[in-house]
Every structure is written in C-alpha cells, then in structure tokens.
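Presented below, as structure tokens, is a lone chain in the form predicted on its own.
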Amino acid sequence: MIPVIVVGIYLLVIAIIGSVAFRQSKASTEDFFLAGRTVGSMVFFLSIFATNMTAFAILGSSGQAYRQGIGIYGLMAASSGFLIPLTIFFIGTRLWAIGKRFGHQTQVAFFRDRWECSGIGTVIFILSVVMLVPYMIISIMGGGRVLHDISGGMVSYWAGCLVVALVVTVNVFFGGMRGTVWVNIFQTILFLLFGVVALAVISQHLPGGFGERIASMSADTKTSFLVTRERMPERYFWSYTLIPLSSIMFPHMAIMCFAARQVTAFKRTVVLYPLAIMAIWLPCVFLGVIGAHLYPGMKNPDGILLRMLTENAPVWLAGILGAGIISAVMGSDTHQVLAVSTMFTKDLFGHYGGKEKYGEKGSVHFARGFIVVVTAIAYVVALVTPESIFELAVRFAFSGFAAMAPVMVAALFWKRSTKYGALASTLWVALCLAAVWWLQNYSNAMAPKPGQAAAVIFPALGHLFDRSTANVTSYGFLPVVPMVFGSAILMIVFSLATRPPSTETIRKYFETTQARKDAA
C-alpha cells in the first residue's frame, strides 16, 4: 500500500490547493472561468501543456507502442510537436485578442457573434460537448487504472475512478480556473520529471540494459515489428498528421487562450511545447516497446507502464512515479470539466436568459452544480467502457475536433465565411462520427488479428470501408481524413452559396481600430 499512500498524499495536496484558490475567488463568471484573464506566461505554458496531456499521452501512448511498436512516437508526438505550437501561435493568439476586445469566454460565443447566429451556435455547442465528454471519460479511466494497478489490485478500478472524479470535482468546484492553473504548476512539473526518472530507474533493473533488449527484439522475427514501422501502413501513418489540428479546437484549450494576461505568453509556449512533448512521449513509447518484449500477451496493454514501474522500481518511488502519471491524467481532466461547465453556463444558461434572471452569483452556482452532474455522468460511463484509451481518443474526440478546425480557421481568417457554411461542416462532422460509431460496432466480428490484412466491410463498395485490427478505414485512411477535407469543402461551398454577415460585423472583426476610426 506504500505507493497508494504516496498517491493519496498527492491527491490530498491537490484538493487543498483547490480550497485555497476558493478563498481568493470572486463571485463573477470571468473570475471563475478565466481567473480574471490574469494567467501569466510561465503559468500559461504549464497549464496549456497540462490541459493537452491526458491518460492518452501517458498510458495510451505506452499501450499503443506495446501493440504497434516504436513508430507510435512518429505517428503522434512528431506531428504534434510541430503542428500544435503552430496552431497555438496562429489561432490561439487571435482568439486571445478577440476575447480581450469583445469579452468572449468560449468558442461558441465567438461564433455566434462572428456569424450573427444563435441556433447554429447551439448546434456547434451540442456537438462540442458530445465530443468532449469521451475525453473526460478517458481521464477518469486512466486514473482508475493507475490506482488499481499500482496497488496490485487492492484498490478496485471503480474505486480508483471514483477517487479521481471526486478530487477533480472538489478542485474545480471550489477553485475554478484559478485553482486549476495553480494545480497545473505542481502537476506539470511532476509529470515532466516522470519520464526521465522512470526511464533511468527501470533501466537499472533490466538485465543487460535497454541496448541489449532492443538488439534482441530486432533479431527476433516475432518482435522485430516493435522497432520498425512494419505494422503501420503508410496511409494510416499519414492520417495522424491531421489529428493535432484538434488541439486548438478542444474547448478547454481555447478557453485557456482566452485566460492569458498578455499575448507574450504564447511566445514562450510555442518554444517550450515541442520540448515538453518529447520529454513525455519518448520515454512512454520507449518503455511501452520494452514492455512488449518483457511481458508479452497482456490483455490490457494500457497498463504496461504501471506494471513496469511496480516490478522494476522501489515501492516508494513507484508511488511517486504513479503520482506523476495521475498528475497528467488529472491536469487535463480538471480543464475539461471546467470547460464543459463554462460552455453550459455561458453558451446555454447565460445565452438563453439565465444570467439576466439569476445574476453573476447565480451563474457561478449553476456552474458548480453542473460540474458535479457532468463528472458523475463521466464516471458512470467510464465504468462500462472497455475500449483502449488510445483508440477511444483518436476515434471520437481527436477526429471530431480536428474536423471542426476548418470552422475555426474560416471564422478567424475568411471574411466571406457564413453561418450556413459552419452549419454544414458541423452536421458533416456529426454524421461522420455517428457513421464511424455504427461501422465500428458492425465490423467488430470481422476485425483481423494484428499483422493481418484489413477486412472489407461491404464487398460491393470495394475498399471504401475496411476494418483493420482496431479501426474502420477508408481506402487505407483513418476517418479523420475524409472528415477534415469534407468539413473544409462544405464550409467553402455553403459559404459561397449563402449571404455573408453584415458589413458592420465584418468590419468589427477584420478591420483594425484605426481603420474603423478613419471610416467613421
């Protein structure tokens, strides 16, 4: 129980930080949701990185490396280290400027004002919430798995999930954005150190070290695929370059952009983000590959990292490293819960008259009540979800938000874009997600074993819909490819076919302050 006690102390510290932040809070939605837009440069980097690092990055990456090999690093981390900083710089900074000028606190509020739409904004809101909830579920699943595995099964999976859900609820309920970013300072430093320490400690306990293990795996035909790209078809590999487009479209990432004090906060983040991604992903993927050689045949590879820790590190250190994993899981979960609460409060409750009726205090009370409800729903769903963390994230959360990126780009940079273009893109994404969910369940019985060729789902349609071991593909590409390009095409076609927003709105968002003064 020593590792569990260490993790328990860590969770207690997180809850205390949230309660301290509560004492500093004010009874306003801007303070609760955005910490009064006062997040400084270094805190902004630590928070936005913690926001994007979940159980997917720690447990999911090592579990998928166990299944498919070291190419997982190139698949996700390499493209993420390049594209995510670019989207933060080009999109995040513009969101910050717009939010500061017009007071927007969510993406939907911006879309409604930018395209002069109310109902269509609600459609975008509904889809965003539906796509974000699976990501919240992933975080709770990851936390439950950590506590179960690191305790050797003494803490049940459901109890582990419950502990994480409760601590997240307390932190966000009392602390809001301020409590979340304060916790992120502690959490991000902890899980950035995790990879290096875990790699060093485990290497000391492996006979022959990592070099001998890699050489052995390369020489064995049964494991050589782990150190190559053998099980990653080219189209499958390149499909993942579109996944990082989802980052800035996640509501919790966009809300963090609105919370920055100054635009200079984004510069430091752009520089440090690729280095931080490498520090997390490289050790996790490498350890997942080594684990596949040490412990073949695991039924749940997402637990490989925890098994390697518990069997190759002192119990007290395993507890500290377990806390590092938990910190990555919870760092994102707190932001996700806060983001969903922000959206419901501002884009639904406030937009349809709740703020006028109940005031600022009433809005904050509504937000806190909703935090409890949405976390409870995510917890219940996490208990009955058997899917791989990695596949669940890519199939729904990442693919869906990546396909919404053309909507954000059009809103920020294309004057001629219209609300009907945004509606067409949103409905396309919703239709695709529903189709992927149905096809995934329909084709489960025909899924091939790892290393085998994909199965054709409907022979009459050729390779339009194939089934690989874990995913539905289209001509070898993951669903994210037709989703992103279809969304972009529909945005262009429907925008050109419909009337643009009023001249006043276009001037408001696309002309400089001086140009507006000159025109007046």
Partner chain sequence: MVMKKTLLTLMVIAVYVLHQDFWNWRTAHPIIFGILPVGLAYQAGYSILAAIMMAVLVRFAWPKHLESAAPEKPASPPKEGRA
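Owing to the predicted nature of the structure, the values given are computational and were not obtained by experimental measurement. Numbering follows the first chain given and starts at 1.
Missing here is the form predicted together with its partner chain; even so, the following discussion is about that form.
Undergrad: Counting only non-hydrogen atoms, choose the one of 295-303, 114-122, 136-144, 153-161 that falls within 4.5 Å of its partner chain in the predicted complex.
TA: So the stretch in question is 114-122.
Undergrad: Indicate whether its partner chain has at least one heavy atom within 4.5 Å of a heavy atom of Arg307 in the predicted complex.
TA: Arg307 lies outside the contact set for its partner chain.
Undergrad: With the partner left out of view, is Ser218 within 4.5 angstroms of its partner chain in the predicted complex by any non-hydrogen atom?
TA: Yes, Ser218 sits close enough to its partner chain in the predicted complex that at least one of its heavy atoms falls within 4.5 Å.
Undergrad: Answer yes if any heavy atom of Arg499 is within 4.5 Å of a heavy atom of its partner chain in the predicted complex; otherwise answer no.
TA: Looking in the predicted complex, residue contacts with its partner chain include Arg499, since a heavy atom lies within 4.5 Å.
Undergrad: Although its partner chain is absent from this view, report whether Trp437 comes within 4.5 Å of it in the predicted complex, heavy atoms only.
TA: Residue-level check for Trp437: no, no contact with its partner chain.
Undergrad: Though its partner chain is not shown, can you say which of Val380, Leu317, Val129, Val263 has a heavy atom within 4.5 Å of it in the predicted complex?
TA: None of the others qualify; the residue that does is Val263.
Undergrad: Quick one: from Ala447, Val201, Ile214, Ala430, grab the residue that has a heavy atom within 4.5 Å of its partner chain in the predicted complex.
TA: When its partner chain is considered in the predicted complex, the option within 4.5 Å is Ile214.
Undergrad: Scan 223-257 and note down the residues that get a heavy atom within 4.5 Å of its partner chain in the predicted complex; none is a fine answer too.
TA: Sequence-ordered list: Val227, Thr228, Arg229, Glu230, Met232, Pro233, Glu234, Phe237, Trp238, Thr241.
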